[in-house]
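One chain follows as structure tokens, the form predicted on its own.
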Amino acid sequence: MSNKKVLTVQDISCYGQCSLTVALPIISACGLETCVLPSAVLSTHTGGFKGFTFRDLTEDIPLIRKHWESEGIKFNAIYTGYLGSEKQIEYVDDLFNSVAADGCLKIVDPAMADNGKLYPGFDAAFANTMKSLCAKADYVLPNITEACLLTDTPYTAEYDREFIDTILEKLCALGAKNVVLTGIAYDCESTGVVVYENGEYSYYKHKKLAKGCHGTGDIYASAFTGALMRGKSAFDAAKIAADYAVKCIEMTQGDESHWYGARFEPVLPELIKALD
């Protein structure tokens, strides 16, 4: 296996099992050299903790990029997660144009909303700017709420295949080459992942758990990126990532003291095995 370098750009929540503290170990476990560009440093994530610290690293991003350029550093994949501002989106666009190796895969998780609402601190202007980044992605990984925002489609929790097909077509019209749409449930008993690659629709249905965990979107996107860069097809990578995320949640269920994230570490051997 060649020495592929993956750059992931997102925040560091020092405690809470999300963002870079998830992406770095998971992608590394996939056998890939994982490089990081932190967009901010927080003492914890913001989902349930109070009084957390926050240090914005926006202005460090172009300085880091310029140093990499001077050293001739390039990456085989650039995977973006939670970005905190429109300016950060613009700086990631600069990274796409400057430190991407030939054939670099650009994977964008437009982490900004869920359950029909934007995350705190985001607004319509941010969602609109995120469209420009998704337009340059080889793979964009939204949930249904994010997909609706990116395509100016009214959100609904009830939908059918026709609605999803329309969303997929709109995302590709935006510019995204391929789409992995997560958390798509056509019935009450299951959920799944839609992969829309080169105009072809495929769907992987998997177990629906009654309760999720913080950070599972980051776990999913990181595992997908790792599997894709290990040579798996987009559908197989989506399947591997979905199965892994479910196992991480199952590993955590029943432990009330572990409310802040998913115990992804004990399940890493199963992810590694799935890549063989």
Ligand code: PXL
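A quick note: this is a predicted structure, and the numbers were derived from the prediction, not measured. So that there is no doubt, residue numbering starts at 1 and follows the sequence shown.
The discussion below concerns the form predicted together with this ligand, not included here.
- Proximity of T46 to this ligand in the predicted bound form: non-hydrogen atoms within 4.5 Å are present.
- Contact annotation for L42: at least one heavy atom lies within 4.5 Å of this ligand in the predicted bound form.
- Taking the partner from the other structure, this ligand in the predicted bound form has no heavy atom within 4.5 Å of any heavy atom of K239.
- Residue contact check for H214: one or more of its heavy atoms lie within 4.5 Å of this ligand in the predicted bound form.
- Interface residue among Y91, F126, F75, Y82, judged by heavy atoms within 4.5 Å of this ligand in the predicted bound form: Y82.
- Screening Y155, F96, Y119, F163 for any heavy atom within 4.5 Å of this ligand in the predicted bound form leaves a single hit, Y119.
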